[in-house]
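Coming up are structure 1 and structure 2: the same protein chain in two forms, each one given alone as structure tokens.
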Structure 1
């Protein structure tokens, strides 16, 4: 769909299922996080799987655009197996339709995931705006949105805290930087990644949850959308491990807070955490 047409604009939100990072952190702190003999997968089977939090905020950004008066449809798509529960949660939040792309047999890397998402967007009618979380909580790479923008020929605006559609067929994005907020405008279609500074996503109501239980996602086989696409992974996971974290506490003595603060600064300068005076 081309931007500026008489049809409602189409927003596509890409989401990912991840292990609950709070549960993973709790296992790690207690020493119970164990990698299996294959060196790649965790032995814990009780860790819940849920939607990546940044992606949930991307859905929230799309719903705010719709509630702000922009006539649009919101589609959610994910790559994986058995994602019905995940995608029903998206329906309960208020999106219009949900889609599950089955992954190829080889373990997909970021390039394969982006290729599948891009192929589905092209073959399903295109998109005026693609929203993604800034990164996933399991690998923290944030590579897929950039690859997706390259494959679709769309500009990419990263780390957004606010997204608005203008009357000029463009998107106005407030981005988060180390030096403060910046405002960028990009012509549509575009890819925008959403950060947690957007704010808390809405909580689905009970009626919406009940209605979502009757919705099944469209299941898409990779062969039906990726003819001629390169689905061979370029990056393969070789090994993952749980690092040993050693805590060390140093008590700083001194006659009063001022003396203790002076010794603390001296210690930080000595460790090159702070730079001393020339």
Structure 2
């Protein structure tokens, strides 16, 4: 809708704060990942919190749309506590406004999060395009965007590598499928989830970061938006544990790589994983 004759579109990007998955992975690899005393949360304080990487790419997708000439505003919203740092990062990337919705109880599930996001979108002027990450790297559920789509009655297009707004007020999405890229079109308003194939998100410039420091997110209390919404969780986390992988690896020794490679191939033939020359 680059024509400019209409009201600017509103893009809402939903972002989640997660524990740095690389740090979690590093602890897991070294065998040092532990679950906290409550038996269900990872409490290692040395694991940094940051924006879910796919959500950062969702912001990037929104900014690319804006830079492509579509008249639009980009709002970023997150459900959680103490999100000022997270949301200032969004501001530094170049979004227009940021909003922090306080969760109504300690552990909101995907249903509660989607309900709050949906209620906020409805009461704050609606959205033409809702962008989410394909999944949060902590719970890996990939459920919130689908529930949001159902609640708002919007179609959901999943795992996008590119998103474009067309002249026909629709969204054209390149999605990543096991058979290669697919192009799909949906009328707006719609929910689109972004995958890592979108590419690297931009890095905030120093002046943008300085300016963002003065911005505080609008804090939204759940009561103010959720009238009539059912905020009872559908699932509760009761326990979390670190699974053990039992290693039984046979290390192939030998005098140098050539000897090792030969032995390895012999072993695979011996196991009939490979068939040797008769």
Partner chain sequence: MSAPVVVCTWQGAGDDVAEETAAALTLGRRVAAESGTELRWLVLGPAPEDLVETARSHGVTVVDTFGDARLESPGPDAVVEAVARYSASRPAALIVFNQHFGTRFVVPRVAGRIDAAVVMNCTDVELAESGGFLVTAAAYGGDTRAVYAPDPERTCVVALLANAVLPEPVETPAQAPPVEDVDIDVAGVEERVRIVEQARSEGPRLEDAEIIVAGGRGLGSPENFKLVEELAETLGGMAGASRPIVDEGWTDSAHQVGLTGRITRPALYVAAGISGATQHMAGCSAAKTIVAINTDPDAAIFRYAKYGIVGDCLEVLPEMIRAVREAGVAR
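By rigid core we mean the largest C-alpha set that fits within 1.5 Å across both forms. Quick caveat: nothing in here was measured; it's all calculated off a predicted structure. Numbering follows the first chain given and starts at 1.
- As for origin, structure 2 is the form predicted together with the partner chain and structure 1 is not.
- Core-superposed comparison between structures 1 and 2: CA of residue 20 displaced by less than 2 Å.
- Once both forms are overlaid on the rigid core, the distance between the two CA positions of residue 253 between structures 1 and 2 is 2 angstroms or more.
- Relative to the superposed rigid core, residue 262 shifts its CA by 11.4 Å between structures 1 and 2.
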